[in-house]
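So this first bit is one chain, no partners, the form predicted alone, shown in structure tokens.
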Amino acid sequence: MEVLDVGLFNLRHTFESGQPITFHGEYDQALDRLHYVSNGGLIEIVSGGGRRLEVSGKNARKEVEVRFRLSDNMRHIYKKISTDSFISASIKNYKGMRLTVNDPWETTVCFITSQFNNVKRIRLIIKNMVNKFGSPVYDRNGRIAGKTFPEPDAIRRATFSELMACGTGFRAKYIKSAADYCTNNLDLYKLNPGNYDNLKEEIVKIDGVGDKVADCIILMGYGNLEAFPIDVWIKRTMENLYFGGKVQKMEEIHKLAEENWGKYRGYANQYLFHSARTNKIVTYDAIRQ
């Protein structure tokens, strides 16, 4: 185990907040421990009360520092996004929750799968796909410790029946189409993570990827905080909190997010999303109290 000193990091809140790591990692709440397969190796993280982490595995320090954005200055980010009482309360309730930066292909599949779905079901589908199409990873004793997330070509070569058997439902055709496109037409790893407009222009060309899924990929697959994914929860939350309950076009919501939270709007989005999804208390009066 290697010890990392961290500030304002909560492993449980991060894992439970509906990000790609949620869908394939294994978290033990009692021990505050997470393990998952990444880059061909098994990574284990044990939280030490929010100020330190014990990590082990192949290139574990770099993997954990990058994936969990440990270099982010959370005090500064909180100051920038705490523009109203609702977000301030969300930060208080979920202090230490980090955005994660995940493999772009993995993120693409996770959020295509997330459409018209819930966390429990997404997790089942993703785990089924990993078990069926992923490559085995062995521990030091030669035993299978887990499997890698399947490469685009592995999914491209799968039959629809095999994908359907994983529980994908109508999403099977989009997942397979995305695998084909990302094998033959688009190299996700050559896109510039810092260019939001170019990322979105290229990613929405993938079959089954619309505005919301593209922003999820940009935010959690490339780490670009300009992305502000708008799903049902965020749309309803934004309308109720900032537009007096009136239905708004997506463009207006994106515009307000940029005006309110600037370059940190991706973080504001995650705190709004997780708070709305878990508490289900979103009223126009909440922001005025």
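Numbers for residues come from their place in the sequence shown, where the first is 1. Because the structure is predicted, anything quoted here is derived from the model rather than measured.
Here the subject shifts to the form predicted in complex with the DNA, a form of this protein not shown in this document.
Three-residue candidate spot F68, W105 and G134; no residue lies within 4.5 angstroms of the DNA in the predicted bound form by any non-hydrogen atom. Y174 is the sole member of Y196, Y181, Y174, Y78 with a non-hydrogen atom lying within 4.5 angstroms of the DNA in the predicted bound form. Shown without its partner, this chain lists A89, L186, L124, A154 as candidates; in the predicted bound form, only L124 has a non-hydrogen atom within 4.5 angstroms of the DNA. The shortest heavy atom separation between I45 and the DNA in the predicted bound form exceeds 4.5 Å.
The DNA is not drawn, but in the predicted bound form it has no heavy atom within 4.5 Å of G57. Residue contact with the DNA in the predicted bound form: R12 places no heavy atom within 4.5 Å of it. Contact check for V209: a heavy atom falls within 4.5 Å of the DNA in the predicted bound form. Exactly one of the stretches 254 to 262, 238 to 246, 223 to 231, 25 to 33 approaches the DNA in the predicted bound form with heavy atoms within 4.5 Å, and it is 223 to 231. Contacts between stretch 107 to 123 and the DNA, counted in the predicted bound form as any heavy atom lying within 4.5 Å, involve F111, S114, Q115, F116, N117, N118, V119, K120, R121, listed in sequence order.
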